[in-house]
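Take a look at this single chain in structure tokens; it is the form predicted on its own.
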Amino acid sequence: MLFHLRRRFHLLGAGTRTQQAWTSSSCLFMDPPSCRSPGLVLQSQSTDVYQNLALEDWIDGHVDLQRRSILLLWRNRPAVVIGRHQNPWAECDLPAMRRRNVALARRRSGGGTVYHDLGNLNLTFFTSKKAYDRRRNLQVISEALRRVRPELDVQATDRFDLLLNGRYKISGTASRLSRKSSYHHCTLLHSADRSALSSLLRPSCPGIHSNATPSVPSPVANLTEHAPSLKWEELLEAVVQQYNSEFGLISPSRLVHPADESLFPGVGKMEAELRSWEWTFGKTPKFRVETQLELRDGQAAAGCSAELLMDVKHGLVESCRLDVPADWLPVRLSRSTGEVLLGERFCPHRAAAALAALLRSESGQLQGRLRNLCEALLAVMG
């Protein structure tokens, strides 16, 4: 029995593909009276953050969670995931993420920003709204850890995080409640890249003023830093066993691929929305940028500071005012620069294309100074 369990966990533990899969949605999500247990454990075969988030949305929207509880286990290649009501420019270093090919995703639940990689386990507990109980879900994780490593001191906080030794955060939490259903998802740091986590979760745009939900920084640790011998397979097996024990279930474990339309009809459309700029950036709550731009034209003595005041709504520039010293750049050019950006995405690539024509209209020293101003603006946009 132990051999079969470990074989099923091999994908999450080592990232390899497997032939074991289910071929129809009706077979996978048959009504509990036809099954031995009203619970189900699903393990995603994908490490794509958009596919896994889309699978969450599909389960929440298509499975009768009044009659069946589900635990979804998944992990992603490097990605930063922001909460539904957050500002990506205020939460993460977008240029650094592009350089390192780290994906950015906005989930549908609230809460703060998290870093995912293959050393982080994600757990999503799906239930009816009536059965929603975050503390009990966290107890599944903490008791599973006690099962495999009794020496670990793991406790839940009032914010529904998990702390190790009363100090280090090893699990963050977020949730979404619908009219009849709910899901609660958690991270669990097993062996994540903490240097990437700390370097990427920092603002890319200075001077943001917004009502968006801010993240609350905390000291973090990996489980393997305090229990070096803890293997993926051992951790996953303990979580599934404790889930069944806590809720009195006999939940079978199934490997599924979230891009399988035969299992999850319409999931591809959900994934496409999560990948879109309109969702990831366009859903950002309205914000204002107030900051100084340091300008140079190659001569140290000719440098100056400019004031930027910009309003952004739905990810688009709604207003832009630039106060540049008139003896450094004519007022007509600073005004034209702001006007060109109106209605454009708050995005360096799109903004650069919009400013290109204005740059071509000038020459000599004015063009050089205007280019310097445009580059400073683009840097603010991440």
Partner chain sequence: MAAVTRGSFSALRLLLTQQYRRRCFRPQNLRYNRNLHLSASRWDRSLQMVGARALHTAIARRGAIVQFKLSDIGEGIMEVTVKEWYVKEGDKVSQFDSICEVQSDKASVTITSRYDGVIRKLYYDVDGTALVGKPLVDIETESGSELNQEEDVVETPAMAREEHTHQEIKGHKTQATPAVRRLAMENNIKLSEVVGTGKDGRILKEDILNFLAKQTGAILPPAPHFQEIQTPGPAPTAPAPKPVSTPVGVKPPPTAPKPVFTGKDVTEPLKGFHKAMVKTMTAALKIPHFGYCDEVDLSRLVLLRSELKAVAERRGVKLSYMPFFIKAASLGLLHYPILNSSLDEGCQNITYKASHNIGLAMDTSQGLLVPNVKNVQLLSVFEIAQELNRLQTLGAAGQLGQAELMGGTFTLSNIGSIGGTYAKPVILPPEVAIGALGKIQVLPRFDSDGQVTRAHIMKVSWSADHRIIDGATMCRFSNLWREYLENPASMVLDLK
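Nothing here was measured: the structure is a model prediction, and the numbers come from that model. Residue numbers count along the first chain shown, from 1.
Beyond what is shown, the protein has a form predicted in complex with the partner chain; the following relates to that form.
Review point. Out of the stretches listed (188-196, 250-258, 106-114, 225-233), which one is close to the partner chain in the predicted bound form, meaning heavy atoms within 4.5 Å?
Key: It is 106-114 that comes within 4.5 Å of the partner.
**Study point:** is_contact(S175, the partner chain) in the predicted bound form, heavy atom dist at most 4.5 Å
**Key:** Within the cut-off, so yes.
Point to revise | the partner chain contact in the predicted bound form: R321, any heavy atom under 4.5 Å | key: The answer is no: R321 has no heavy atom within 4.5 Å of the partner chain.
Exercise for review: Flag P325 as yes or no: does it have a non-hydrogen atom within 4.5 angstroms of any non-hydrogen atom of the partner chain in the predicted bound form?
Suggested key: Flag for P325 set to no.
Review point. Does at least one non-hydrogen atom of R100 fall within 4.5 angstroms of the partner chain in the predicted bound form?
Key: Because no heavy atom of R100 falls inside 4.5 Å of the partner chain in the predicted bound form, the answer is no.
Practice item. Using heavy atoms and a 4.5 Å cut-off, decide whether Y132, L342 and A356 all contact the partner chain in the predicted bound form. Key: Yes: Y132, L342 and A356 each sit within 4.5 Å of the partner chain in the predicted bound form.
Exercise for review: With the partner chain left out of view, choose which of D161, D93, E237, D297 has a non-hydrogen atom within 4.5 angstroms of it in the predicted bound form.
Suggested key: Looking at D161, D93, E237, D297 one by one, just D161 meets the 4.5 Å heavy-atom criterion.
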